[in-house]
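Here's a solo chain for you in structure tokens, the form predicted alone.
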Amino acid sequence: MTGRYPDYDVLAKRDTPSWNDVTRRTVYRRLDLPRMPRYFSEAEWRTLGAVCDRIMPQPSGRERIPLPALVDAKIFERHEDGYRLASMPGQGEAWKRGLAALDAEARTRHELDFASLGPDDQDALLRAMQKGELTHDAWGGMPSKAFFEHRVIADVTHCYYSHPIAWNEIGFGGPASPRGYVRMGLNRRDPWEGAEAAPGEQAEARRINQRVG
């Protein structure tokens, strides 16, 4: 592996005191998510995948985080936020309406659905959504800016960083149950956390990670 935490793999903790059985089952369920939609239609799934690719582009050379599957699971398994804006429907309906509206906007501007557009045109539509400039009737009164801020950005980024592959990228030691974290001060780390490598120092970080496990 390369990057800031070379050779660090949070899943090496699966059989250590860092995780208990509840933690293991939770992480395994996340790793074993179906890669086909359970809540979304095939067309919505395709648009969702294109949105995820633009919001959180993933590096080559490593396994991809299944972002559409994670978003789909959040809705299908009814992991609600516990609140919503008065101007927004529930999360599932908001996503269905937002994806349909994004396709409608793409067809109006380019005569193609969103997933068929090039990256520049996709980004232009997403920026317009971010500014609240998308107003097609397909939005059904849901503000495009609110959808971007409270569903697209929130759900996609939260799902990304809920996955162990993302934990490896940021050196996160995973769930704190039952071991917990002790060294909470700035620039301090527990011995079971990944050692960050500055540019040119990957080899030293690799030796540290191998030593502490």
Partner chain sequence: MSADPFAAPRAANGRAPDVFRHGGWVPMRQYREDDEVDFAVVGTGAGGAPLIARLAETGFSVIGFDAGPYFRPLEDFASDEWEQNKLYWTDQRVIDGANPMVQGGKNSGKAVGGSTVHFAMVSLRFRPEWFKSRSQLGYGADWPLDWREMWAYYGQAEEALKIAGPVTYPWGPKRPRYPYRPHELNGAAEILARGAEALGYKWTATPLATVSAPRGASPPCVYRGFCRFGCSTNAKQSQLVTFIPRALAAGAEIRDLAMVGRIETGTDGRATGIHYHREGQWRFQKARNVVVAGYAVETPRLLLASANDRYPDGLANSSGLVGKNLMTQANQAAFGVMQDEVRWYKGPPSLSLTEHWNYEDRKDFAGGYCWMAQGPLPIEWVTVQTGARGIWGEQLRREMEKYNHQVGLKMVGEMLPDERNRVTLDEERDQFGLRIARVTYSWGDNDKALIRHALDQMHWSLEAAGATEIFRQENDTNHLAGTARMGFDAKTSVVNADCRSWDIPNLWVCDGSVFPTTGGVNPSLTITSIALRTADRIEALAARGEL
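Numbering follows the first chain given and starts at 1. Because the structure is predicted, anything quoted here is derived from the model rather than measured.
Keep in mind that the form predicted together with its partner chain is not shown, yet the notes after this line are about it.
Looking at A138, you'd find every heavy atom of it more than 4.5 angstroms from its partner chain in the predicted bound form.
Using a 4.5 angstroms limit between non-hydrogen atoms, Q130 touches its partner chain in the predicted bound form. Using a 4.5 angstroms threshold between heavy atoms, G173 counts as touching its partner chain in the predicted bound form. Shown alone here, L112 lies farther than 4.5 Å from its partner chain in the predicted bound form, counting heavy atoms only. Proximity to its partner chain in the predicted bound form, taken as a non-hydrogen atom within 4.5 angstroms, holds for one residue of R35, R64, R38, R183, which is R183. In this stretch, 28 to 50, the one residue having a heavy atom within 4.5 Å of its partner chain in the predicted bound form is R30; the partner itself is omitted from this view.
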